[in-house]
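Consider the single chain below, provided in structure tokens and representing the form predicted on its own.
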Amino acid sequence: MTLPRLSFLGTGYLGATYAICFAELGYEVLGVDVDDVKIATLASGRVPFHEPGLDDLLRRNLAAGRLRFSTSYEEAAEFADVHFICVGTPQRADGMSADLTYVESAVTNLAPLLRRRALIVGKSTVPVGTATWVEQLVAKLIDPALGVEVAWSPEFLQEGYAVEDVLRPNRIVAGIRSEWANELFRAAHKGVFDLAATEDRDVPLVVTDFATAELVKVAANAFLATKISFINAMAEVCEVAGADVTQLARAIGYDPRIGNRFLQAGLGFGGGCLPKDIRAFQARAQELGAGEAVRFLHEVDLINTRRRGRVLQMAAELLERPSGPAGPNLSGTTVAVLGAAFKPNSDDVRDAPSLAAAAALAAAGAQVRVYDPQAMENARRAQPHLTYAPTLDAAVADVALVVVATEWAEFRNADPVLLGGLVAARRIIDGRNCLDPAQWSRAGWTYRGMGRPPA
């Protein structure tokens, strides 16, 4: 089978990354979106978000003629053999469920325009049952004689590592109904398997029913969220017991049944996936009558939210400020918050613990100055009332307290002696436990980490 031509419906973080990387694998690719500005930006050779390595791949594949972008669903229907749905599924404004409006729009825009057999593959994170619903929707909109089929293949991208996750995935999961769909799906991923073969790697392909494929992504995210909240719960215990959560995490991480990844205690998780996905999972499980099975995710969410407030408490303690019925009063103090993105190597500020902590400090009366290497523009839109500094040095100048809220290398590798000469007082809260407490203490800083005894 010759390589099929691919369209990616939705060119946000998910769709643009996949479109660019699959063009790099040798496919002819069309990225489609209803947002004129987004399409024009990508077509000009610029990625409208920060993802290491993606800009170079975009420009190379545009120049090679393998990659194009369009606002036309008609063009997509005529062009592609496989159509990947990559639109957003945000949390509904009126509850915890996922909003499938964009999924429905992508399907209803594309399906009536198809004039030949094609495969529609969902990649968006959706509640279990969505693939069957999409299949039924397609059946209503299209002549059954065309033989158009639906499959579902969840994505597992990690922001900051997304290029590697597409080109060199640790597994591919697909809910597939027929042998024809299976063969076309494999052809659409031949580039991934061929690259793995040249590097003597194996990429497992797990073919399942629709429901299992849909559940894999939300189950994986629920597990990771639980692991993060577990170590943050241990941090709460360590703080009152006088223990060190970093040593605890290291010790239990040596157990191969547990592993050491996602055992970094701090401000908790954020971003556009984990928070909304675990809430949507709870909502869907409740609809299916299995709400009790995932009730623990409510506590996972609560722990995660609670850790953000811990920064405010620690700030009040370090600044020796009283706490009244309304909470601490930090009026008259200036605080630098280093980090706005929810994680390093990203400009994503959606549900970012760093910005939540900055907003809480500001609400307590502090003058908050924020700096992030990549996320400043997005942060300004999300929290316009905060002050933003152009550099790290400008952020910390004459402040009474520094809070490290995102573990960027620039912050991890900062010189505590040099920074100490810029601040008004050498106080620091390590909200990601990414600094060396001894090094900062030797430089005269009062150091506080999350779940760690005072240095």
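In case it trips you up, residue 1 is the first one in the sequence shown, and so on. Predicted, not measured: the structure shown is a model, and the values here were computed from it.
The protein also exists as the form predicted in complex with a small molecule; that form is not presented, and the subsequent description refers to it.
- The small molecule is not drawn, but in the model of the complex it has no heavy atom within 4.5 Å of E214.
- The small molecule in the model of the complex comes within 4.5 Å of a heavy atom belonging to F156.
- At least one heavy atom of F262 is located within 4.5 Å of the small molecule in the model of the complex.
- Taking the partner from the other structure, the small molecule in the model of the complex has a heavy atom within 4.5 Å of a heavy atom of G268.
- With the small molecule left out of view, the stretch that reaches within 4.5 Å of it through heavy atoms in the model of the complex is, among 145-153, 339-347, 100-108, 320-328, 339-347.
- The partner is absent here; in the model of the complex, the one residue of L184, I176, L274, V126 having a heavy atom within 4.5 Å of the small molecule is L274.
- Site annotation in the model of the complex: the residue of Q282, N221, T130, T89 reaching within 4.5 Å of the small molecule with a heavy atom is N221.
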